[in-house]
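Subsequent text provides C-alpha cells for two forms of one protein chain, presented individually as structure 1 and structure 2.
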Structure 1
C-alpha cells in the first residue's frame, strides 16, 4: 500500500485502517508477530492481516469482526494522531479544486501541522509533483517526516523546519500553488509571491478569524495578487432514518359524541411511517475562512 497507489493485499509495514464503525476506526501499522487489541478481541497481524485483501472482514478473537481498509487521505484525516488543529475533508476538497491542484503540481504549504492536508495534496500531485512544506515546530516537523516515510510518500515531499514568515519556503519561482494555515498569513505573502512561478500561480490562506482575513486580503492586494476571493464552506450531514408520526384524532365524522369516546382508543394507535433524512442536533458551524488569489505573470 501507499497513500498514492492502491494495492490489493496487505503487506508487512502497511498502514491499514481498522473499521469498527463510522465513529470508531483505528489506524494500525502492520508488523508480523504484533497484536492489536480491539473491543471485539485481538487481531494477530501475521495470521489475520498479512496477505489478506484490503476490504475484507477479519474475525477477531472474541468472535466479533472488523473490516480492514486501504488507507486514503480522507480516512487518515479522521484517524491521524493530532499534534495540532487539523483541516477536514470539506475544506481540503475546496482547497484542492480552487488551487488547481493536479498531478505534477508543485505546492508550498505552511504549517505542516498534523499532516492532514499534506496527505491530500500528495495524493493529488503524485506521481510527478512535489510538496514543499514548512513547519516552525521542530518536533512536529520531525514527526511529519517520519509519517511520510511510513506512508511511502517521502519521495514527493520536502519538509523544512523554519519560520515561513521570516525564512520563506526555501524555494524560489517553482511553485504552482501556495497554501497558508498560520496565525499571521499576511507576514508570509512576500515569501509566497517569491515561491510562485514567474508565470503565476494560485494562493490560499485559511484563517478562523475575520480580522486575519482582512489583513491577509489587504496584503494580497498590495502585492499585486488578483481575483481575491474569500469563501466559507460547511458540510451538512443528513441522518437517514424512518420516523413515525402519530395521526391526531378529530372524533367521529358524524359528530356524535357518544360513540366518540369508544373510538378514541382506536384512533390514537394510528400513525404514519416515513423515510427521512434529518440533520444531527449539532453540526460544525465554522472551521475557517478560505481566501484565494491568483498571482499574475511577472
Structure 2
C-alpha cells in the first residue's frame, strides 16, 4: 500500500480506510492478530483484512458489513488525526492547479501541520518529484516523518524542523513552487524567492485574515513577483432529489370545452417525476484566502 501507487491486496502494515457509511469512516493500520471494534462488530485483521482485495465488503462479528478502501489523499483529509487546522479538498484542488504541479515538480511547503496538503502534493508530483516541507513544531515534524514512512512516500519528501521565517527551506533555486501556511507569510517571502528556481516558479500563500493577505501581497510586490491575485473558494453542494410536478392542463386537444368527469379527473391528477437539484439551506463559511504570484522569468 502506498498513497501514490495503487495496490490490489491488503498486506500487514498497510493503512486502510474502513467505510461504515457516507458520514462515517476510520483509518486503521493492519497488524497480524489485531482487532478493530466497530458498531457492526469486530474486524479481525488476520482473517478479515490481510490478503483481501482493497474495496472488499467485509462482514463483521455482529453480522453487519463495511467496505475496506485503499487510502487516497482525499480520504486521508477527512480521516486524519488533527494536529492543526487543515486544508480541505476544495482549497487543495485549486492550490495544485494554480501552482501548476505535475509529476517531477519540486515543491516547498510550510508548515507541514497535519499533512493534509502534503499528501495531495506527493500524489501529484510522484514518481520523480520531491517535497521539501518545513514544520516549526518538533513533535508535529516527528509525527509527519512517521506518517510518511507508514504511507510509503518518505522517498518523495524531506521534513525539516525549523523556523521558515528565519532559516528558510534548506534549498536554493531548485523549487518549481512554494506554498506558505504560516501566521506571518510576508516574513518568509525572501526565503521563498531564494528557494524558487532562477527563472519562473509559482507561490501560494494561505491566510484566514484579509490583513495577512494585504501584508503578504505588499511583500510580494517589493520582491518583484508578478501576476499577484487573491481568491476565496466557497463550496456549495446542491442536493439531487426526485420531485413530483403536476402537468399543466391546456384543455382538450380538439378545442372542445366538453370534458367528461373521467377526463377531467385524469387531467387534474396528471403528474411527472423528475430529478432536480436544490441549493443547501446552509453552506460552509469562510476558510481562508489563497494568494498566488509568479516569480519573474527575466
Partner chain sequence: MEDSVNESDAESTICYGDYVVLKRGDVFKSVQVENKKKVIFEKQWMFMDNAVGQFFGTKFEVQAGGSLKLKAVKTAGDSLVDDGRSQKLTRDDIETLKEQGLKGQEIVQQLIDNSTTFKDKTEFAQEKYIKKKKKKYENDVTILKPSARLLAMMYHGREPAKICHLRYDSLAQMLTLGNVHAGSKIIVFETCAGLVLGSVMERMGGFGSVVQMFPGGGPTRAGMESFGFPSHFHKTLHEFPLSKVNALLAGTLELTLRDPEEERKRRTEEEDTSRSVPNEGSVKEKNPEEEERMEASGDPLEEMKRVEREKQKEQRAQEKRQKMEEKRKRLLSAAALLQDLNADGLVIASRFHPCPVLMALLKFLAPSRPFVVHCQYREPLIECFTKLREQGGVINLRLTDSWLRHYQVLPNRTHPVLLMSGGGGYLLSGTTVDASAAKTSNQPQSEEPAPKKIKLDESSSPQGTN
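Residue numbers count along the first chain shown, from 1. We call the rigid core whatever largest set of C-alpha positions still superposes within 1.5 Å between the two forms. Just so it is clear, the structure is predicted and the values come from calculations on it, not from any experiment.
Original post:
Between 1 and 2, where do we have the form predicted in complex with the partner chain?
Top reply: Only structure 1 matches the form predicted in complex with the partner chain.
Subject >> C-alpha of residue 13 off by 2 Å or more between the two structures on rigid core >> reply: No, residue 13 moves less than 2 Å.
Subject >> Rigid core superposed: residue 275 CA moves 2 Å or more between the two structures >> reply: Yes; residue 275 is a residue whose C-alpha shifts (by 2 Å or more) between the two structures when the cores are overlaid.
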